[in-house]
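One chain comes next, on its own, written out as structure tokens in the form predicted alone.
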């Protein structure tokens, strides 16, 4: 059964950014936080908690529909898979994402898209993230 990333326990987050570092290292061979598909930031103010911007695994992903070259294809359970060879870096997927979780890697000229691999979940020291089984 396919799994998708969830961030239901962000109240436990201390802002260590281990999830972001893990995502960037595992999926992009880079330790730059900007290369992560998960974005953790404060909710604002000095005493506030943290929030995560993640792919919500749409069943009918607008990013895939906006892609003129079919570089983004639906994955089982929701969300998309990037076929890098087909991407022309038009950024239409960035504009189409309803939660703003897709951003560009201007060095490689490809969008950074969550694969729902769960690497961030395994490394989160506070169990803020989880993988949820979903139907196809």
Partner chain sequence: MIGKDFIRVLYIDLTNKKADIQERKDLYKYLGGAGVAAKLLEENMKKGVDPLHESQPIIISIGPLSTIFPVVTKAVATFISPHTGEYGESHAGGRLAMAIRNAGYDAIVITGKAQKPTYLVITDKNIEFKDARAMWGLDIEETGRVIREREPGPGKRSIIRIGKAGENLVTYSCVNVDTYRHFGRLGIGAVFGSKNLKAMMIMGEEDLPIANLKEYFKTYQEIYKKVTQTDAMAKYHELGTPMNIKVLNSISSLPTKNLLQSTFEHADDISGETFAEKNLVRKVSCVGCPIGCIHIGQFRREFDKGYEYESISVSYDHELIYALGSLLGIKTTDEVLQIIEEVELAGLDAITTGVVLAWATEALKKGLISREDTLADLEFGNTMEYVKAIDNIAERVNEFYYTIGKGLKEAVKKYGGEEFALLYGGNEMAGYHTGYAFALGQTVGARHSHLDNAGYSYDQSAKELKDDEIINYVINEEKERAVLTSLCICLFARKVYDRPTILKALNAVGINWTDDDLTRLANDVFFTKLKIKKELGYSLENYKFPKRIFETPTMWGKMDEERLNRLLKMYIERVEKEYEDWSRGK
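Note that this is a predicted model, so its numbers are computed, not measured. Residue numbers count along the first chain shown, from 1.
The same protein has a further form, the form predicted in complex with the partner chain, not shown here; the description that follows concerns it.
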Partner proximity in the model of the complex: residue 75 to the partner chain, non-hydrogen atom cutoff 4.5 Å: no
Interface membership of residue 31, the partner chain in the model of the complex, 4.5 Å heavy atom rule: yes
Closest heavy atom of residue 66 to the partner chain in the model of the complex, within 4.5 Å or not? no
Do residue 107 and the partner chain come within 4.5 Å of each other in the model of the complex, heavy atoms counted? yes
Assert contact residue (the partner chain, in the model of the complex, non-hydrogen atom within 4.5 Å, options 59, 41, 81, 86) equals 41
Checked 6 to 20 against the partner chain in the model of the complex; residues with a heavy atom within 4.5 Å, sequence order, are 13, 14, 15, 16, 17, 18
